[in-house]
Ligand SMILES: Nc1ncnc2c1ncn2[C@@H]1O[C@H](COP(=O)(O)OP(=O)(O)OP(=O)(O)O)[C@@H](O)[C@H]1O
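Consider the single chain below, provided in structure tokens and representing the form predicted on its own.
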Amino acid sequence: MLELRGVKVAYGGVEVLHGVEMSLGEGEVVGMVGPNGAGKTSLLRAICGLTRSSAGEIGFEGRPLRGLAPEEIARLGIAMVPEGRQIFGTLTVAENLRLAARGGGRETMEQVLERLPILRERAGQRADRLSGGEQQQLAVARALLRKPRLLILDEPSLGLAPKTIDVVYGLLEELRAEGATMLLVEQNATRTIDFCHRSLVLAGGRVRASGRREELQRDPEVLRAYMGRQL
């Protein structure tokens, strides 16, 4: 479904991604882990058209994405839950959801609210008055309302309490069981590798290792070298 070949990204002449290669199949959940500054968010932004790649190819279901505007890429079926959530804080929960649901229909809205009942309870509340976990659920709900073919999540557990992280991952587990295609970027290497079908380690703008859970768990040097921790 998604294929990257030799993708490079530079800011002000300084290259931060150095020929990244990766692929993701339909119904697959792929994780990406790595230290701060590894280039994870830059890679996601390049996929979504928010940052222009300087070289390489990005293809989605056989269609090249390089050069397309972010809204064109979104219409193809890619939705991202960005780091920091980036909800509309001065709008209510219901207004945030209605903006995302344009063209989605009532049935989709009901399905999302069934998954995340706290958002129904908070429908009339301003989004910036929600807890961090509730805001994260709202950000995920907005993405789901676009009925994405590919759901990209950038640090969905960042800054959340352990119980709230469990709620977010409970939702992601439901989506995975239903066959959703997801690309998940996280700082928590152990949880990401356990959750995803495959994971890759990005460090210094390059893919340093990749494989299934069992393969990475048999190679603890990977995590010691690039994450400073063990599985």
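Since we're looking at a predicted model, the values are computed, not measured. Counting begins at 1, following the sequence as shown.
Beyond what is shown, the protein has a form predicted together with the named molecule; the following relates to that form.
- Note that among 171-179, 35-43, 192-200, 59-67, the stretch whose heavy atoms approach the named molecule to within 4.5 Å in the model of the complex is 35-43.
- Using a 4.5 angstroms threshold between heavy atoms, Glu95 stays clear of the named molecule in the model of the complex.
- Interface membership of Ser54, defined by any non-hydrogen atom within 4.5 Å of the named molecule in the model of the complex, is ruled out.
- Among heavy atoms of Glu134, none comes within 4.5 Å of the named molecule in the model of the complex.
- Taking the partner from the other structure, the named molecule in the model of the complex has a heavy atom within 4.5 Å of a heavy atom of Val16.
- With contact defined as any non-hydrogen atom lying within 4.5 angstroms of the named molecule in the model of the complex, Gln187 is the only contacting residue in 171-207.
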